[in-house]
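The data below hold one chain only, encoded as structure tokens and taken in the form predicted on its own.
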């Protein structure tokens, strides 16, 4: 399917690794120009160089998005380079384990800045350019807003915020023809996930117990599968889809997990 994304400039926060990199790769394969916004210029540039070696264009902006001023600077850098923004993927964040019992005010607020404040700021500063292009926004979110996880109050709150902002922005931006959707991730295999699993006492057994409860095919979602849905939502092929929270999770959140073991 031709998604008609050739030469569309799409910002992807946290686009150097994991799900973000998966989105960047699929965008590039569709002929779009992905712009990686992330804290580590070397990591960002590594992906840009790899795409350039395949004859594909990409760009990167180093930005520490926990700092409120960084979002405006990142958007301005993209506009200085290309003069337009056709889409925004808010993806950067981390499940940092700031819980209720053992968390602190400082840790909770810092986690909100890592996970949801820059979603708002990136969209806010990109909005004039998105109005001009009638672009799209996709917010990457997590099952924790639906299911809870334990010991991760700030991350769960951030994802609840991401979902609410998706619906709110979809309403506010109707008059500009800007569509806003969210892709909800449950159990997706990424380097960060692998790193987490390896911290557990019996990582292989733990991974097996998780995948056993994923109804469709008893396996983890891949970054490419998240990316495929995200890029579709950015494209005009999804031209009448807005305000949706779309779960790409093998049925993990909504299907009876007893089905996984039947």
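Computed from a prediction, not measured in an experiment: that's the story for all the values here. Positions refer to the first chain, counted from 1.
Quick note: we don't show the form predicted in complex with a small molecule, though the next part is all about it.
Here the chain stands by itself, but in the predicted complex one stretch of 166 to 174, 138 to 146, 98 to 106, 123 to 131, 138 to 146, has heavy atoms within 4.5 Å of the small molecule. At a distance threshold of 4.5 angstroms between non-hydrogen atoms, residue 93 is in contact with the small molecule in the predicted complex. At the 4.5 Å threshold, heavy atoms of residue 206 stay clear of the small molecule in the predicted complex, well away from it.
Contact check for residue 185: a heavy atom falls within 4.5 Å of the small molecule in the predicted complex. The small molecule in the predicted complex is approached by residue 64, whose closest heavy atom lies within 4.5 angstroms of it. Site residues 14, 19 and 190 are all in contact with the small molecule in the predicted complex, judged by any heavy atom within 4.5 Å.
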